[in-house]
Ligand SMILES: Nc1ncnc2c1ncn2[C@@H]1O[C@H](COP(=O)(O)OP(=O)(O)OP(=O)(O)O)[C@@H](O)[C@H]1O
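In structure tokens, one chain follows: the form predicted alone.
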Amino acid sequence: MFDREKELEDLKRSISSHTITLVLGVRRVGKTSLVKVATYNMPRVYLDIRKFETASYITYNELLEELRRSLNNFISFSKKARGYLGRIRGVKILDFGIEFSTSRQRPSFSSILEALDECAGDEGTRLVIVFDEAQELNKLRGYTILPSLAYAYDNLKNLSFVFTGSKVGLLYRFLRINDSSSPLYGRYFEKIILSPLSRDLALEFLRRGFEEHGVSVSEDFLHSAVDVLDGIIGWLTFLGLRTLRMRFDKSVIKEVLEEASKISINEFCNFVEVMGTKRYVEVLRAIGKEGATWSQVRRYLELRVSPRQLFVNTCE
């Protein structure tokens, strides 16, 4: 970890004292690394919800399958967990792990959380359940886990939930934080926000990274890299690795920028397709030209997008 000492301690403290923690920040700013380092020596169930990013929707059975894989990793370290999970209707304990029924006998989310809470309590520890890029759970159809989370918040004191999110608005929409009818309304959420590195720290990050590999890089190269990639630690790391493998000239900075742009555009297009509306594309065009105020963006939308076109899947 680099320059995340405060966030690291804040997250550890939050996990030990709060039921729900939100770790927020743009993509590749280091949220996943922070969470994994903070929970390294803790009992942990880690669900990578990023795998559903291109999906139009998620079924409960698909979420259960992701949870099953995570639990199989967990029970390899906690033998007691097998016994607690084995009591649940719809759960089968096998030599190589556990299986969930996908029929009407499938286990409820609450019953799984109860078993994990009992196991953690028996072992005198606190179990961390991580949902990485949790905003993708907006796509869950036919089932909601919010009542189970509210039940856990009120009754299961040996569990701590961590939700990371790069699309903060969508994460809040999933959790329905400001919705008075939401099962989680009125509950406290600790928030840890990761910002990009400052310019000086971004330069120091690259400088120290190359020094650890015994490589001397010109200051001009470092400044050019930070000018282009800013303080997003994921892209700076990518540049460092690419540079070590290929060459030390400014053309590699341009290549990394092009790859980063392609990935970012693809992520944005997936978002637009899932949301099913053209207005995000037009908003980006309005902002991208010269920058724009909210009133200017609204006026631009009214001129460019008819009501019929607002719900067209397009990223052209």
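Model, not experiment: these values are computed from the prediction. Quick note: we count residues from 1 along the sequence shown, nothing fancier.
There is another form of this protein, the form predicted in complex with this ligand, and it is not shown here; the text below is about that form.
- Using a 4.5 angstroms limit between non-hydrogen atoms, R50 touches this ligand in the predicted bound form.
- At the 4.5 Å threshold, heavy atoms of N266 stay clear of this ligand in the predicted bound form, well away from it.
- The closest non-hydrogen atom of G90 lies beyond 4.5 Å of this ligand in the predicted bound form.
- Though the partner is left out of this view, R28 does reach within 4.5 Å of this ligand in the predicted bound form, counting heavy atoms only.
- Residue I233 is the only one of A152, A115, I233, I98 with a heavy atom lying within 4.5 Å of this ligand in the predicted bound form.
- Out of the listed residues T59, S33, T54, S70, S33 is the one that sits within 4.5 Å of this ligand in the predicted bound form by at least one heavy atom.
- Heavy atoms within 4.5 Å of this ligand in the predicted bound form map, among the stretches 103 to 111, 233 to 241, 136 to 144, 176 to 184, onto 233 to 241 alone.
- Along 177 to 210, a single residue, F205, places a heavy atom within 4.5 Å of this ligand in the predicted bound form.
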